[in-house]
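In structure tokens, the next block holds one chain alone, the form predicted alone.
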């Protein structure tokens, strides 16, 4: 492989993907492996099938079973990664949860739990990921998984909207501070994807129809739709891209 296609290769790289046991995280982890990376799979769920798919590609997969919201999770993840591979080049902050309730009934617990997983965990893990890179003068890639609700308010998802909006801003802040260190920080904002998080919306016939009518592509996205975006942002082809949030949304924001 030569020319521009070589710029998309991740051979020799090690990627950490949080929330990797299913949905978007599993698809992105597999996509990174298909591009040549070894992958650290961080999640609480079963990762056996994904690990087998990655090893079948001739790549290495390391499952790390931790609760990403725990205060010691970042240190445990980095210790496992560096212990197994001796390096970490790419971080995908994908882990996320959602809680739904009307604003006036939204509980403190649902607020805290979502913020801890969707925002605070990404902040802490990014710090732990970047420190050894900066100390060694090595480049790196961070890809935060934002949302359409990084741009819009939504309804009945107060903590999710707040966390994803904050993650969009944090992406820009981190890019401003880390670009000179050759660490690229960007984000992907998935559109309406057919995952567990949207199961309730897809089961509601009227909501499902309203959403489909708004999407120019006229379909829900699939986890595989994120593979190309995450590989691009993780690759040398995106070396001059900093602080950008890439919407992979079937045209939703264009309407």
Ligand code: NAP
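Since this is a predicted model, take the numbers as computed values, not measurements. Numbering follows the first chain given and starts at 1.
One more form of this protein, predicted in complex with the ligand, exists but is not displayed; see below.
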{"property": "Stretch in contact, per heavy atom within 4.5 angstroms of the ligand in the model of the complex, of 179-187, 78-86, 95-103, 127-135", "result": "95-103"}
{"property": "Candidate spot 115, 214 and 252, all three touching the ligand in the model of the complex (heavy atom, 4.5 Å)", "result": "no"}
{"property": "4.5 Å heavy atom contact, residue 208 and the ligand in the model of the complex", "result": "no"}
{"property": "4.5 Å heavy atom contact, residue 22 and the ligand in the model of the complex", "result": "yes"}
{"property": "Residue 51: touches the ligand in the model of the complex, heavy atom cutoff 4.5 angstroms", "result": "no"}
{"property": "Interface membership of residue 66, the ligand in the model of the complex, 4.5 Å heavy atom rule", "result": "yes"}
{"property": "Those residues of 190-208 which, in the model of the complex, come within 4.5 Å of the ligand by heavy atom", "result": "190, 191, 192, 193, 195, 196, 197, 198"}
